[in-house]
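Shown here is one chain on its own, the form predicted alone, set out as structure tokens.
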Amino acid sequence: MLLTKTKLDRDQRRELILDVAQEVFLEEGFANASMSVIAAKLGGSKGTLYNYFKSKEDLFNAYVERRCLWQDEIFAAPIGTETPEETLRRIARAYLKRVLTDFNLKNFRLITAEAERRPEIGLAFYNAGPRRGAERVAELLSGMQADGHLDLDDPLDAAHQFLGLAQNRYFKARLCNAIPELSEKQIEAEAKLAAKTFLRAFGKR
């Protein structure tokens, strides 16, 4: 039954639509997915969907944007008395745990495949995802620089380099499904190496 009495109810219904749409997009691909199938899985009508999203493209855009919301949690500010290395290791660890999962990579493949046909989708994903993530890390690095821990020419450039260090060894192998999901031990080792390498390059001496 539709929940329409309050804004909270409408927000909950919108999230439910996005949950179902994500399932359909992943199963069928964007081109084969239809608003009719999504509506059927919801137990409603296409008219209901169009009350929330004006088209399948609009729904896909919302799905893409929602896939990027996890970054606010992962790229959190230093906690308590964390050292710069501890902060960087925490961020790298959380980043790898999220980015290299089977589920995340399945979504990534879907979005980038659709970006071939519709570059604006790729741009929207990049701006809300990789670019925004790098900007969040740059904010953290700027704070570390202000505290005298880092020597950076450009915090955003350094942020891209740090995220590259964190994921570079395993990303392509995981994207190609050549290796299974990483173990906790692998993630911890990679996070430690990324933090140490970054600090050797940019740590204040």
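A quick note: this is a predicted structure, and the numbers were derived from the prediction, not measured. Residue numbers run from 1 along the displayed sequence.
Separately, the form predicted together with another copy of the chain exists; it is not shown, and the next lines address it.
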Taking the shortest heavy atom distance, is residue 167 within 4.5 Å of another copy of the chain in the predicted bound form? yes
Counting only non-hydrogen atoms and a 4.5 angstroms cut-off, does residue 16 reach another copy of the chain in the predicted bound form? no
Examine residue 97 and determine whether its closest non-hydrogen atom to another copy of the chain in the predicted bound form is within 4.5 angstroms. no
Heavy atom of residue 144 within 4.5 Å of another copy of the chain in the predicted bound form: no
Triple contact flag 28, 32 and 116 to another copy of the chain in the predicted bound form, non-hydrogen atom at 4.5 angstroms: yes
Residues in which of 157-165, 59-67, 135-143, 36-44 have heavy atoms within 4.5 Å of another copy of the chain in the predicted bound form? 157-165
Considering only 134-154, what residues come within 4.5 Å of another copy of the chain in the predicted bound form, judged by heavy atoms? 151, 153
Indicate closer or farther: the Cα atoms of residue 57 and residue 127, in the predicted bound form, relative to the displayed form, with a change of 3 Å or more. farther
How does the CA gap of residue 57 and residue 136 change in the predicted bound form versus this form, closer or farther, if it moves 3 angstroms or more? farther
